[in-house]
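Heads up, the chain below is alone and in the form predicted alone; it's given as C-alpha cells.
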C-alpha cells in the first residue's frame, strides 16, 4: 500500500503552474507593445540584444527595432524555436503564455501601443 501511494504522488509532480494549468489561465486580452511585449523582451532578450550589447547584430530595444524582426518573421520564429536560431540562447524557452502574448500582439498587426 505504501509503495502504491509513493508511486501515485511521485507521478503528479509539476515544476510550475504553467505545467499544471497549461495556458488556459494565460490572459491574452489587451496585449500591448508598451506593457506586455516590451516587458517580456526586457526580461528575457535585451540583456543580449540591446544597443549596449549587440549580440548577433540585433537590438530589441524600441518599437522600430522590434518591428523589423516581427516583419521578417524572425522574432516569433526564434522564440518558438522553429526555423530560426532558438532564443533565448542557452536558456529555457519562453513560457507558452509569454509566446502566446507576443503571437497575439503580432496577429493584431504588431501595433505601437
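As the structure is a prediction and not an experimental result, all values here were calculated from the model. Positions refer to the first chain, counted from 1.
Just so it is clear, the following notes concern the form predicted in complex with ligand HEC, a form of the same protein that is not shown.
In the predicted bound form, ligand HEC sits beyond 4.5 Å of every heavy atom of residue 26. Residue contact with ligand HEC in the predicted bound form: residue 44 places a heavy atom within 4.5 Å of it. Within this chain, residue 79 lines the site of ligand HEC in the predicted bound form, having a heavy atom no more than 4.5 Å away. Not displayed here, ligand HEC is kept clear of residue 30 by more than 4.5 Å at the level of heavy atoms in the predicted bound form. Residues are counted as partner-facing when one of their heavy atoms sits within 4.5 Å of ligand HEC in the predicted bound form; in 35-66 these are 41, 44, 45, 47, 48, 49, 55, 56, 58, 60, in sequence order.
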